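What follows is a single chain, given as structure tokens, in the form predicted on its own.
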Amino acid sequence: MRNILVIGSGKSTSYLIKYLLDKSESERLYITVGDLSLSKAKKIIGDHPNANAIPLDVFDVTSRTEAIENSDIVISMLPSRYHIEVAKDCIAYGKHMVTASYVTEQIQSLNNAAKNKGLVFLNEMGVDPGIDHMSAMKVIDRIRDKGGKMILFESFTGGLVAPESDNNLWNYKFTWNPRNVVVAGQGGAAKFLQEGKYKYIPYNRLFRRTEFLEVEGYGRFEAYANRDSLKYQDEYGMKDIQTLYRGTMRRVGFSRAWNIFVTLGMTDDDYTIEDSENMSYRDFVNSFLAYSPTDSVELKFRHALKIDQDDIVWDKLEELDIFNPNKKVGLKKATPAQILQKILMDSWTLEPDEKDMIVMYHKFGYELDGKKYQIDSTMVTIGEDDTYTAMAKTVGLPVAMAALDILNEKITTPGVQIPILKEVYEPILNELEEYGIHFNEKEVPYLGYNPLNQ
């Protein structure tokens, strides 16, 4: 049997573990799932004979190194900042590693060591980053193979609620780490290329600069810019590209309403609120508003943000019950972002039978024989329930498939890398189609960059 160690058994691992267990007999696999919570690890593997659950604290050197040493390949589903401890052990014990996380400077620093030992350290193997890379490079390579020159690339992804479970005014529910949603876009201006010019959007303007997209059968969406659209310019080999933009998709109207929280400072994660534990939701909102001996919190809120009473944004805010004087925050020394997350989780958590949705949209503009062309490519995946979500499917399956392809020596290029090589993306994209994850391409007139963002 070949031993696969999976570290972490969170929400994104349901499909990953199921895929490996389903393949365990035919591929001679034994899966060990390590987690701080042994009960969580046990629950996800059930009573499968080819799996084992162990308690694993990534900061406990003994348990971590023993588990890694006994494996043939390691899948780390931990938060990105913890991968480095696992990666160093993988170097020491000569083990391949797969993650769904962005490559950090710490991980990149292990590139030469991994190459010297012939180890594959494959990162960014989830949905975004992951499937976005693979599906983009498949089309980009095809364009280049026929002599085309890339002049525009835009890529958008959204983790959303499926239409059949879309029952709130925000048209949104949490399908991944809620904290990442609340603090999205912070840490510097969004930067991208537009018609050969560098463009920047500061955080305080991010959610008011949106682009509209139409996905056949699913309606209209909006997208706001990711923090750094330029980081893959060299990785994708697009040194001379004129327009390069990556963004996050939401339903139309979400961003304008979300910008209210940004404007007030409720997404700030840099300081703590005094006596937050005993605050009501109403107290929390009021703490960001000017004092008035006569005006209600609602009136001060509407005046400060210039929101009319019949504005749909006001209905969205009231739907979240943020003005409730009886609901308590209950979090000690909490930041505004942590409190906002708590409030949103009351309304935006998927019910057991509800479904989520992943939407991806690529635009490829290229020049061939003096003419300009454009290909639009879209992918929509719907989840089954709150465990087997579309998010878990599109994150977990590519990770599991990559691990198996590395074991089977289909992926052999050593070093720290992302899935932009044909040996990685071609077999995995083909296999993902068997699981209903496929892209629809269509030729459209070349329009250049969306004028809304000029």
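Throughout, we count residues from 1 along the sequence that is shown. Predicted model, so just to flag it, every value in this text is computed and none were measured.
Not on display, but discussed next: the form predicted together with another copy of the chain.
A.B. asks: Which of these residues, Pro163, Gly265, Gly219, Gly94, gets a heavy atom within 4.5 Å of another copy of the chain in the predicted bound form?
C.D. replies: When another copy of the chain is considered in the predicted bound form, the option within 4.5 Å is Gly265.
A.B. asks: Looking at Tyr82, Tyr373, Phe288, Tyr102, which is the one with a non-hydrogen atom within 4.5 Å of another copy of the chain in the predicted bound form?
C.D. replies: Answer to the contact question: Phe288.
A.B. asks: In the predicted bound form, is there a heavy atom of another copy of the chain that lies within 4.5 Å of any heavy atom of Asp308, even though the partner is absent here?
C.D. replies: It does not: once another copy of the chain is placed as it appears in the predicted bound form, Asp308 has no heavy atom within 4.5 Å of it.
A.B. asks: Would Ala304 count as touching another copy of the chain in the predicted bound form under a 4.5 Å heavy atom rule?
C.D. replies: Answer yes; at least one heavy atom of Ala304 falls within 4.5 Å of another copy of the chain in the predicted bound form.
A.B. asks: Please determine whether Gly147 contacts another copy of the chain in the predicted bound form, using a 4.5 Å cut-off between heavy atoms.
C.D. replies: Because no heavy atom of Gly147 falls inside 4.5 Å of another copy of the chain in the predicted bound form, the answer is no.
A.B. asks: Is Thr294 one of the residues lying within 4.5 Å of another copy of the chain in the predicted bound form, judged by heavy atom distances?
C.D. replies: Heavy-atom contact with another copy of the chain at 4.5 Å: present for Thr294.
A.B. asks: Please identify, from 359 to 367, 94 to 102, 139 to 147, 268 to 276, the stretch that has a heavy atom within 4.5 Å of another copy of the chain in the predicted bound form.
C.D. replies: Residues of 268 to 276 come within 4.5 Å of the partner.
A.B. asks: Give, in sequence order, every residue of 181 to 214 that has a heavy atom within 4.5 Å of another copy of the chain in the predicted bound form, or say none if there are no such residues.
C.D. replies: Those in contact are Ala189, Lys191, Gln194, Glu195, Lys197, Tyr198, Lys199, Tyr200, Pro202, Asn204, Arg205, Arg209.
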